[in-house]
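So this first bit is one chain, no partners, the form predicted alone, shown in structure tokens.
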Amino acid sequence: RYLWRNSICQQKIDITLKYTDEASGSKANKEPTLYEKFLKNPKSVPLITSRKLENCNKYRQPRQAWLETLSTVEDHKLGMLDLHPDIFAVHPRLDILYHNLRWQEFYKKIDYNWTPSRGDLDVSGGKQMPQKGTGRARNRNRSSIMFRTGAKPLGPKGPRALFYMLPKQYRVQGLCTALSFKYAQNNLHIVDSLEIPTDDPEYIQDLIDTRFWGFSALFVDDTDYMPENITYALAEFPSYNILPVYGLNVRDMLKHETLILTLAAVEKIEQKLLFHSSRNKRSSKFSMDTRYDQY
């Protein structure tokens, strides 16, 4: 048993050293960020970053936003980039936001109300009184709906899920409306990446206080493999959260005061929303039986 335990410990040590070497090698081969390129050669980073906007209306001008970095506490601008007007400059629709928030509110809600029927009551099946001669109503037994302690007709039969699927067009318009609100309120910031030099929580707190990003912030990246430093730094603050692109929703965007997107996240958000907003395929009716196949 002693030898077997030592062999297991040695295997764990070998696996740990293996992944440590792979992580160090990946960090060494990692592509430098825009801010690192700017420090080496300031002329290598342009002031205006032109982006090819797909399906852009020629009568609508693209919106522009600063490209920032998290590598310094001070607000250092790396350049300016164009944003698609059909995503970040749509007409404000409060009704669309209401439908999205109500859908997310009832997403996990379950109705547990239950009332017994005549078959569910544990009462005697004997007749309570004679059929005639008492001047009272004719009843079979105590489970009758005429008694206060009897059954309830047509009552709720829980548990019942209140989940329903919002139409896809409403969901797409809700995301575009929330992004447009954040951009119009100057609460939308775009960074080159989520890499920070240290995992100290005070660094991210000083950065947010210096740039006046409010009391709550939502960081969004294009993947769910988040950088290690910012993951440990944000773990100390419940009001600062990090989220991948596929988890972006209207409720989280409105709940947080500031929305921080990476450049890769902006590309993926525009690609997905433009695809679903311009597709002509009719969406099939949602069914609980085939929900995993449809969505």
Partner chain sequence: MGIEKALRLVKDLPRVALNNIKNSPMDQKKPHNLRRGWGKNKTHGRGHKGQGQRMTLPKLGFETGHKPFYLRVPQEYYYEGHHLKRQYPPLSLLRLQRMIDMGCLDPNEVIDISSICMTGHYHLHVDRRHYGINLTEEGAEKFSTPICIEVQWASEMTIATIERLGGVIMTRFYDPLSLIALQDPETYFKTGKPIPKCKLPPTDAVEYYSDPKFRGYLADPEKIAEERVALSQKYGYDLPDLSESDKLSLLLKRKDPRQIFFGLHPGWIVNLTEKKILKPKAEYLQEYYHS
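Residue numbers count along the first chain shown, from 1. Predicted model only: the values in this text are computed from it and were never measured.
A second form of this protein, the form predicted in complex with the partner chain, is not displayed here; the remarks below concern that form.
- Interface residue among Glu228, Glu54, Glu267, Glu257 relative to the partner chain in the predicted complex, by the heavy atom within 4.5 Å criterion: Glu257.
- A heavy atom within 4.5 Å of the partner chain in the predicted complex is found for one listed residue only; from Gly125, Pro92, Pro197, Pro159, this is Pro92.
- Contact annotation: the partner chain lies within 4.5 Å of heavy atoms from the stretch 183-191 in the predicted complex, the single such stretch among 198-206, 125-133, 220-228, 183-191.
- Although the partner is absent here, Arg60 is a contact residue: one of its heavy atoms lies within 4.5 angstroms of the partner chain in the predicted complex.
- A residue is said to contact a partner when one of its heavy atoms sits within 4.5 Å of a partner heavy atom; Tyr107 fails this definition for the partner chain in the predicted complex, lying far away.
- Shown alone here, Met165 lies farther than 4.5 Å from the partner chain in the predicted complex, counting heavy atoms only.
- Using a 4.5 Å cutoff between non-hydrogen atoms, Phe147 does not count as a contact of the partner chain in the predicted complex.
- For the stretch 93-132, the set of residues having any non-hydrogen atom within 4.5 angstroms of the partner chain in the predicted complex comprises Leu94, Asp95, Leu97, Tyr98, His99, Leu101, in sequence order.
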